[in-house]
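This document opens with one chain alone, in structure tokens, the form predicted alone.
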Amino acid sequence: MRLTNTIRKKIWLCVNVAFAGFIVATGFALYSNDQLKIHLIHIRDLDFCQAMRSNELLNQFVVQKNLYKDSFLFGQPEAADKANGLSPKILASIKEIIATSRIRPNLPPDRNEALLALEENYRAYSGQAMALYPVLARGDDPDGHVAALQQLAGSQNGIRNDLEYFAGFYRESFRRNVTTLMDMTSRNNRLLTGFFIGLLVFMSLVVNWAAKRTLINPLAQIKEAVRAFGRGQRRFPALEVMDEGDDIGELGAAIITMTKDLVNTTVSKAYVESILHNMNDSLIVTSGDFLIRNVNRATLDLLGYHQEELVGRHISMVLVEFPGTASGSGSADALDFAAHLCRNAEKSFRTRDGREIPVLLSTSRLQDGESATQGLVYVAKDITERKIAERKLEQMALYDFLTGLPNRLTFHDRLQHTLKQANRENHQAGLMFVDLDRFKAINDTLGHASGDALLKAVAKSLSGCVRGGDTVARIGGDEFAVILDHLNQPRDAVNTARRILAAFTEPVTHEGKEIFASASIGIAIYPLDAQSAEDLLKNADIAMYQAKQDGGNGYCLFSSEIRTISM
């Protein structure tokens, strides 16, 4: 039984070779992805959880410490009760961290011992604090408890230092493992790329050899025979010697029979014209001097003309940026030039009312057998809907879906452009980070719909507070950035920040509810505060956090002093 005596078997031979390569490539990719998955699960289940728990534990302890302080200073028994209520949660969090740390293979034994010591220290501190602070909050004389208070203060400092150490350690561990995962991903990508390229080259050579030997060469002979028939030839020796037991050989024999039948068969002109005029795509036929000779119904519907308004007119009447020569010469070179430039190219047609419609245009030479070129045939497909979809995709990629402002990607691109222009023209530029105060509380109390309404209103207000050449972008949940181009002095940025803060004094109304919000603004000036976009971003962020620490609803200019404080 012959393996390649039919076209189906020949195709299946090529497909099976390619499929074998696909199986090998898929197995290699699955193995690589499985290794990445194992590492990612480790980061998710251990490092990330520990980082979040340790940070949350530190925050809980700071809150408890502040509550104890308020109960002591201001005589608030309820603050002491709230602080006592946090002790079981803090102990539970410490136990969770200890339990998870015991299964982490990369944690040294001394840190496990330090965690156990931390649990004991906090348990002792908690017992003393729960007994002493409620008594002091209810008016007991603190002079009789000076030694106990000093001991508690020392315990507080020691526990806080331990908690800050473990929070930093777990954050660094999480960052280090994420970096390792990224390096592993990059390495796997390089390996996969090299492997796939090598496999593709090998499989292409094998499939090409098999296809050429069993399909391409015999089909090329058949194609040449068909061309020869178009030139008037009626005998085809290459087809006559083909093996009739093969599918392609049968095809050759069928072509020989068909040519004999076609010699006595003609197709009516009316039938051909009916097909052309009922095409869905636009069809325009021009003469050698680019004058329109014929159009189909789709062209008339697309452009809004009547046929007599187009026939005899130059093709440039409807084809925008016509690629032919200015003189409209009908030479062979001009026809070749026009046909080459319009081969599957995106062009525009001009309608009767002056509108431009994007089309995918393909142009071919119109020939009569082997005689000289008679003109050109333009086939165009309306791609208006595709262009609209492309613009929507571009909008989604570059702009924030909720507010319509530039997103983080566009913001970084514009910031780079602004700084380069400022460097060339030797002027200043400003960057402001705007962060909403207590936005999470608004979301939690009023709902996400109210939060979204507030973000939209903030985006509109920010855009109204800056100049036309400035950029307002949304770079995070409730974080916005403003690029101030061409500043005369830092005071210009301060004035803009004041306008923004003034705009926040008006509440936002959503579903009958008034939402009051404020913002913290950090300002950094180029080149005074930084020479690069990365440093400018970092310094503006530092200034914004300083504004938050100052109570929010204000602005802060970056300086070397607040950098030292933040570090």
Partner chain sequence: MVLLPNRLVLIFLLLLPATVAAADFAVVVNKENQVATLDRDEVKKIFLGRKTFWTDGQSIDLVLQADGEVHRDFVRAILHKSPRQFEMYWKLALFSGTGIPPKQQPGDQAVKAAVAANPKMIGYIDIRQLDATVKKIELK
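Positions refer to the first chain, counted from 1. Bear in mind that the values here come from a model prediction, so they are computed numbers and not experimental data.
Keep in mind that the form predicted together with the partner chain is missing from the display, and what follows is about it.
Taking the partner from elsewhere, F72 is found to have a heavy atom lying within 4.5 Å of the partner chain in the model of the complex. Among heavy atoms of G158, none comes within 4.5 Å of the partner chain in the model of the complex. Of the heavy atoms in L149, some are within 4.5 Å of the partner chain in the model of the complex. Among heavy atoms of P142, some come within 4.5 Å of the partner chain in the model of the complex. Candidate site formed by I43, R53 and Y170: none of these residues places a non-hydrogen atom within 4.5 angstroms of the partner chain in the model of the complex.
This chain is displayed alone, yet in the model of the complex one of A397, A153, V201, A117 has a heavy atom within 4.5 Å of the partner chain; that residue is A153. For the options F411, F480, Y133, Y378, the residue carrying a heavy atom within 4.5 angstroms of the partner chain in the model of the complex is Y133. Note on the interface: of 27-35, 61-69, 520-528, 495-503, the segment with non-hydrogen atoms within 4.5 angstroms of the partner chain in the model of the complex is 61-69.
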